[in-house]
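A lone chain, given as structure tokens: the form predicted on its own.
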């Protein structure tokens, strides 16, 4: 009687697993891991030894307010930037040379200059144009540092989001458009139900990176008198000269970034379920 496939596979002797040798790269990796563990233990030990309950009780509410300002500023600028990125991405893909050139110039300018310089130019630069802004009724908006930060962040992230959106849409094969047209589907319907769902998979990671970069980059608004998380941290340090105030801010930023990273991974698993078998 012949053996079944499973029985035949069970009778075959499998080769022993290859022995893992202690190569130079493996030794270096273990050494670096041990160094990071020691640094983490040292950081925890320092925070425990330097813990000051009076400083925590006094400045913890300020940290919460600063955290709310940071999240509100970044969230609002991301939404405004997403709205603005749609026409910019369309302009980048336009066959009209003038529109494409203007869109390219916008993206080139805001991606090629530092966000700090953009925030300074808007906050301090527009501050020198107060009479002109008052004449057109815009000084009410630009006299507030938070509004200037929101304006600068929205323009900056719109340039990056436009390139992410354009790249994701153009990554979808043109045959998808042609197939939908052969079925008589409208271009907007094709874009909404066929192209964008496929482009979302490509764009998710870059969008996630942009959100994380905006969270970390938002710390610069402390330099234009916005009391975000970093702003209240600088204030707390100027009054206490206790270095742990900056360590707590770094830990909060790290927790935000890790939360976003896990959320992005969860979304990616949800929208790519049909790709796994």
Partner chain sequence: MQDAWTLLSWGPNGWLDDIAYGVFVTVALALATLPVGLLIGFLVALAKRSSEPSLRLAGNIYTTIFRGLPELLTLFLVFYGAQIGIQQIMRLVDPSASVEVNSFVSGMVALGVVFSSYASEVFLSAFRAIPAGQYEGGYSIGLSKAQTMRLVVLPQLIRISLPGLANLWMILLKDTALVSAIGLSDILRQAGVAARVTKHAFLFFGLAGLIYLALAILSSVGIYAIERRVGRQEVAR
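Only a predicted model underlies this, so the values are computations on that prediction, with no experimental measurement involved. Positions refer to the first chain, counted from 1. If you superpose the two forms and keep the largest set of C-alpha atoms that fall within 1.5 Å, you have the rigid core.
Missing here is the form predicted together with its partner chain; even so, the following discussion is about that form.
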Which one, 135 to 143, 115 to 123, 182 to 190, 93 to 101, holds residues whose non-hydrogen atoms are within 4.5 Å of its partner chain in the predicted complex?
-> 115 to 123
Exactly one of 219, 55, 62, 235 has a non-hydrogen atom within 4.5 Å of its partner chain in the predicted complex; which residue is it?
-> 219
is_contact(residue 128, its partner chain) in the predicted complex, heavy atom dist at most 4.5 Å | yes
Look up in the predicted complex whether residue 254 has a non-hydrogen atom within 4.5 angstroms of its partner chain, and give yes or no.
-> yes
Just to confirm, residue 67 within 4.5 Å of its partner chain in the predicted complex by heavy atoms?
-> no
Determine whether any heavy atom of residue 109 comes within 4.5 Å of a heavy atom of its partner chain in the predicted complex, and answer yes or no.
-> yes
Any chance all of 44, 153 and 263 sit within 4.5 Å of its partner chain in the predicted complex, going by non-hydrogen atoms?
-> no
Going by heavy atoms, what in 27 to 44 lies within 4.5 angstroms of its partner chain in the predicted complex?
-> 28, 29, 30, 32, 33, 36
Residue 216: with the rigid core matched between this form and the one not shown, does its Cα shift 2 Å or more?
-> no
Core superposition between this form and the one not shown, C-alpha change of residue 265 at least 2 Å | no
Per-residue C-alpha change between this form and the one not shown, residue 32, threshold 2 Å, rigid core fit | yes
